[in-house]
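There is one chain below, alone, in C-alpha cells, taken in the form predicted on its own.
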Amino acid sequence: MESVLRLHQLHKAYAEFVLDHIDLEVPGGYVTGLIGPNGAGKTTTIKLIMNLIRADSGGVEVFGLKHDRHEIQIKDRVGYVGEEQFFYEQRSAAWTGNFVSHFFSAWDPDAFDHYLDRFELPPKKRIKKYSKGMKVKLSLAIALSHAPELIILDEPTSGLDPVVRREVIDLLHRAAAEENKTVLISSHITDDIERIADYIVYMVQGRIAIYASKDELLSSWKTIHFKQDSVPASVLESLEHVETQMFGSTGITRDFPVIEGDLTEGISSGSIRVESVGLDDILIALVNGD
C-alpha cells in the first residue's frame, strides 16, 4: 500500500507541550482519522505537515517530496482546511475564488461555482456576513476546487450544527470513495471520524498511542460486563478500568480476539455480556490509562 504522507521522528517542543518523535504513514486513497483530546498534538502535527511551523527535528514527506525543495509543488496538490478560517472579510466568495485561483495550477472555476451552489453560499455576499458554518464550507469549496490528491482538515466540523457537520463529512467520504482522494482529518468529535475513516490514529500527550484500521480497532476492543467470580483469570488480566457496582462489574479489553474463547461458557450462562465500543470509548480508555 503506497503512502502519500510520511512522518519520521517528527519532534516539536514548546514550553508546556512536546510532540515526541512521532512516526506515521498515511496510505493513499483512504480516509485516516486523527483523534485525541484537546492539547494532544493534532493541530501541531498538521501544521508541521503543512510547513506552517518548523520541526525541531525529524522530517515530513508528502508525495515523496520535502518542503525545503518542493513546497509549491506539494501545496499545489493538497487541499487544506485549518481549524480557523481567514479571509478578506470585505470581499465576496466570488472574488475570493478568483483570487486564490492564481495559486493553483489545476483550479476549476466551474467546480468552485458548483460547491458554492451546493453549500448555498451567496457568491456576491461579503464574507463578513457569513456564519461560521458558511466560512467552513467556503474553505472546503476552495480546498476541493483545484483537484487535490490529498485533503488535510484540522477540526473542520468543530462548532458546526449537526446538519452542516453531516453534510461536510458525507462530502469528504464521497471524495475518498468515488474520486480516490486521500483524506487526513483531525477531530475530537469521534462520531465524525467513525462515520468515514478507514484508519484511526490516536494521539495522547504528544505521542501516537494507536494506529490501526478502524475495523481492527472495533473488533479488538470490547466492553465486558460480568458477575463476580464468573470470569477466568486470563480475562480479568486483559481488562482495563474495571468498575464494580452492586449487580456486577464492567471493564474494557483491547484483546477480545485473544480472550473470546474463554468467555464462551460465561456468555452461555448469562454471567458475562459483551458489548461493542465506539471510538470515543477507546479514547477515554487511553486517556484514563495514561
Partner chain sequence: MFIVISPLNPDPMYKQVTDQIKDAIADGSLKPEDRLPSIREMARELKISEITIKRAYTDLENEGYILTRSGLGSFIADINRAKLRREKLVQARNEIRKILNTGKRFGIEPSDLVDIIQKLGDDK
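Positions refer to the first chain, counted from 1. Given the structure is predicted, the values throughout are model-derived calculations rather than measurements.
This protein has a second form, the form predicted together with the partner chain, left out of what is shown; the following refers to that one.
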Query raised in the report: Counting only non-hydrogen atoms and a 4.5 angstroms cut-off, does residue 256 reach the partner chain in the predicted bound form?
Result: no
Query - Heavy atom of residue 243 within 4.5 Å of the partner chain in the predicted bound form - result: yes
Query raised in the report: Given that the partner is absent here, does residue 276 sit within 4.5 Å of the partner chain in the predicted bound form, heavy atoms only?
Result: yes
Query raised in the report: Looking in the predicted bound form, any heavy atom of residue 221 within 4.5 Å of the partner chain?
Result: no
Query - Answer range among 256 to 264, 58 to 66, 226 to 234, 26 to 34 for contact with the partner chain, defined in the predicted bound form as heavy atoms within 4.5 Å - result: 226 to 234
Query raised in the report: For the stretch 243 to 273, which residues lie within 4.5 Å of the partner chain in the predicted bound form by non-hydrogen atom distance?
Result: 243, 245, 246, 247, 248, 270, 271, 272, 273
